[in-house]
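The chain below stands alone and is given as structure tokens, in the form predicted alone.
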Amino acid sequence: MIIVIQCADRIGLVAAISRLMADKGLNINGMQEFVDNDEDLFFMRLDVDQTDGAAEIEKDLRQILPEGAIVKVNPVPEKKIVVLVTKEYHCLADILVRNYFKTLGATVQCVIGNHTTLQDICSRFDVPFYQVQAGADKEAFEEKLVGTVNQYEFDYLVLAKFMRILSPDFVLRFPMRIINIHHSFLPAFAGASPYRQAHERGVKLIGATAHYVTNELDEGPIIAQQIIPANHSHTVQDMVKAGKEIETAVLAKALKLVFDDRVFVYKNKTVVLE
């Protein structure tokens, strides 16, 4: 069972929580905690060897924690996701392979694309695929998208190179439940052909960022980032290949952190307890 806690900080919290776990006969397999002294906030993730009694544990925790504490007791850690795609396969392929071998930490409920390019690979992995075409009427497109998404129970929407900008109304339907991946050349090399722009500029680092989606385009709370070196010998094609590899790796890392309940969001940033 995973227990996550976010609350105002005060002296003795770790001791009080540990004492409660001991009083309930729960062995703590792992504990990570962090205090943001500037915000006076306390964050904790507990892994305990218990699979039932979640409601009672949550109730008891709230009695010893500061008022307004956010407590989540999750006896079944595996999540459910819906994946949104366009034409690029690299992130989706990695998700489907992990899903097939049950190493994703979540179950892919379906894949939705605004093109049919990736339908075949979904069929090969026996994952439902739906096409929702994006026309000139963005509102109509998003209503169809929401209708398709809501056919399934899910915890998160994963934008696996979904090349459409979602409206604020869409994002507000799923607050802090949409995860995106993109190259880290922003804002310098935005728009079309970012790797060509980066090559022409002679950049020395290639990176990727995974983050929660908010109304501010590509500025939501960051979950994971990574960079790799580049040099003068890299062609545009080399940089594109390296970019796809790092995007795949960073999204995989971010999803694992989220699915393991290691990511806490406050203001516009995250605490990640690894």
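By rigid core we mean the largest C-alpha set that fits within 1.5 Å across both forms. As the structure is a computational prediction, the values presented were derived from the model and not from experiment. All residue numbers refer to positions in the sequence shown, first residue = 1.
FYI, the form predicted in complex with a further copy of the same chain isn't displayed, but the following is about it.
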Query - Triple contact flag L41, K80 and H183 to a further copy of the same chain in the predicted complex, non-hydrogen atom at 4.5 angstroms - result: no
Report summary line: Answer key, a further copy of the same chain contact in the predicted complex at 4.5 Å (heavy atoms) among T51, Q237, N27, N215: the residue is N27
Report summary line: in the predicted complex, the residue from I165, A140, V76, V97 with a non-hydrogen atom within 4.5 Å of a further copy of the same chain is V97
Query raised in the report: Does a further copy of the same chain get within 4.5 angstroms of any non-hydrogen atom of M1 in the predicted complex?
Result: no
Query raised in the report: At the 4.5 Å heavy atom threshold, is L205 in contact with a further copy of the same chain in the predicted complex?
Result: yes
Query raised in the report: Does a further copy of the same chain get within 4.5 angstroms of any non-hydrogen atom of F125 in the predicted complex?
Result: yes
Report task. Indicate whether V265 is a 4.5 Å heavy atom neighbour of a further copy of the same chain in the predicted complex. Result -> no
Requested in this report: Name the stretch: of 146 to 154, 130 to 138, 85 to 93, 168 to 176, exactly one has residues whose heavy atoms fall within 4.5 Å of a further copy of the same chain in the predicted complex.
Outcome: 85 to 93
Query raised in the report: Of 226 to 259, which residues get within 4.5 Å of a further copy of the same chain in the predicted complex if you count heavy atoms?
Result: Q226, I227, H232, S233, E245
Report task. Taking the rigid core as the superposition reference, indicate whether the CA of L41 shifts 2 angstroms or more between the shown form and the other one. Result -> no
Query raised in the report: After the core is overlaid between the shown form and the other one, has the C-alpha of D238 moved by 2 angstroms or more?
Result: yes
